[in-house]
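First, one chain by itself: the form predicted alone, in C-alpha cells.
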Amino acid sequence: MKNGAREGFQFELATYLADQDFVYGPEPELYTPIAGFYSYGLLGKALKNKVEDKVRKVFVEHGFFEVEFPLISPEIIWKASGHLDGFNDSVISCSKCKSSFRADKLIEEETGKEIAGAKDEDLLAAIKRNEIKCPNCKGRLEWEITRHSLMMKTIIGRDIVVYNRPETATTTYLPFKRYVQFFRGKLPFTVFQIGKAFRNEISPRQHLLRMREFTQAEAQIFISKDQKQNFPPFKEVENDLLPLWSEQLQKSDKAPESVSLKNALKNNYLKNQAYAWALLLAYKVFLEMGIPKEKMRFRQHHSNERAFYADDAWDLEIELNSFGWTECCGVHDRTTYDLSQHAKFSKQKLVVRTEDGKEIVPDVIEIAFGVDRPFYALLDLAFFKRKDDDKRTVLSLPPSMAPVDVGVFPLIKKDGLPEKAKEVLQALKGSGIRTYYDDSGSIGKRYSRLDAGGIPFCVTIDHDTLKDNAVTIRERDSLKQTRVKIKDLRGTLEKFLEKGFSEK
C-alpha cells in the first residue's frame, strides 16, 4: 500500500474505531485534547481485556508468575537503570511554525526506511537528502537536532523527586531477592508484569502506536550462562519454525527465512537455546491473539542498533495496512546488566548461589511488548469493506478475540418473538458467552451493526422457533447460516468460538 493510500486507511480506521466505540480520543475530547492520550471505549476495553488474557494464558502455561509494582518510583532507580541519563529522543523543529518532531520517526514515515540507531549527523543528512519538510506547514526544518528526555517527572509530598515508569521491565527486577526466596534459589525462574507505562513523547503520532500513556506486558527469564546453552524446554520445540530476518539477510537484501530453532542455532542466526525458546514464546503469544503467521517476522537488530550491554536483540514486526512493517515486540538478551546496576546503586548483593556454592549474577532474557500495539494490529488487519456492498464495514476478528461473542435477535418485536429471545439469553447465561440483545430496526441493519463491531455470530429467533424450538446461527464473514435446537445452542456456539463456524 502506497503512502497516500496508507494515510487514507489510517484516517478511515481511526474514525471507525471512535464511531464503533473501540477507541476515543485524543483525550479529553470534551475539553482541549492532548496528543498521545486515548480512551478504550465500550467494545475496545472488552477487546483489550482479551488481549491481556491471551498474554497471561501463554505465560502462565509456560511457568511464569505475574507481579505488579507501583507506577511511580524514586529517582535513584532510573539513575541505576540508565533511563535518567540516556532515555531520550532526537528532536528537530520547524523553522516556520516551530512544531517539533522526533527526527528518526519523521524520516521513517517520509521514506518508508528504518533508520534506528543512526547518529544525529546521519539523521540531519537523511533529512537534507530526502528534502523532508514539516508535516504540519511544509516549512523548512531547522538544521539542528536536540535531545528530549522521555521521563515524566513529578513530586511526592513536598520535595521527593519521583518518576512515572517509562517501562514495566525495570520495576520487575526490583523484587529480585523475593524471587530468589520464592523459587528457592533454583534458576531459571520466570516472572512477568502487565501494567501502565509513561513516556513524554515530543510529538506523538500514529494513533495507538505511539502514546504518552500505554500498557505494557513484559516477561523476564532469570537464567545462568550455562543454562542458556543447555535449556531443557528447547528440545521439545527445536523443530518449530520462525520467520527470521537476520542481520546477515538484511545486509544482503534477502527476504526473511522460515527456519527451525535448531537450524537457527546451527546457522549462527541465534546464539543460545534459551534465547531461541524465548523468541518462539513471543511468537506464540501473538499467534494466540490471532495475528496471522504471514503477517509476522522477526528482525534482528544491527550491531550499531543494540544497547551496549545486549548480547542479542530481535523485534517481532507485524505488517499493518496502515503503517507497513511495525515493531510490536522486542526480545532482548540483557546479560547481567540490570541486576548488576541495581546491586551497585542499592549497595546490596543480587545473586543466586549455585549447587556448587558459587554466587552468580543471573543473565536476563526479556520479552517486551505493549498491549496497545497488538490490539491495534488486530483491528487494522480485520477491518475491510464487503466486496458485494462497499458501504458495509466488517471487522473480521478471530472469534475468540471478539469483544462480544454473540448477538441475539428476535426477527420482529411482536408475536412472542422477544419473549422467546429472552429464553435464549437465559439458556446462555452462565456459559461465559458474552451476548448482545438487539431488537431495533430491520434484521439486515442489525446484522450490519454487529458485523461492524466484530461480533462473529448472530442468533435469530423467528416464527418457526415457536414451533420447532430451533434458532438460526449466522456467521459474520461468510454470511452462512445453520439451524440449531435451543437445547444444543450453548455447546454449538462454544465449539464455533473455539474452532470456527461449521454448517453441520
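Owing to the predicted nature of the structure, the values given are computational and were not obtained by experimental measurement. Residue numbers run from 1 along the displayed sequence.
The protein also exists as the form predicted together with another copy of the chain; that form is not presented, and the subsequent description refers to it.
- Taking non-hydrogen atoms only, K48 approaches another copy of the chain to within 4.5 angstroms in the predicted bound form.
- In the predicted bound form, no heavy atom of F457 sits within 4.5 Å of another copy of the chain.
- Proximity of P175 to another copy of the chain in the predicted bound form falls within the 4.5 Å heavy atom cutoff.
- Although the partner is absent here, V55 sits far enough away that none of its heavy atoms falls within 4.5 Å of another copy of the chain in the predicted bound form.
- In the predicted bound form, no residue of the candidate spot (C94, E218 and A255) has a heavy atom lying within 4.5 Å of another copy of the chain.
- Judged by heavy atoms within 4.5 Å of another copy of the chain in the predicted bound form, the contact stretch among the candidates 337-345, 238-246, 322-330, 125-133 is 337-345.
- Between the options K293, K266, K414, R434, the residue in contact with another copy of the chain in the predicted bound form by a heavy atom within 4.5 angstroms is R434.
- For the options F384, Y309, F183, F87, the residue carrying a heavy atom within 4.5 angstroms of another copy of the chain in the predicted bound form is F183.
- Residues are counted as partner-facing when one of their heavy atoms sits within 4.5 Å of another copy of the chain in the predicted bound form; in 27-53 these are E27, P28, E29, L30, Y31, I34, F37, Y38, S39, Y40, G41, L42, L43, K45, K48, N49, in sequence order.
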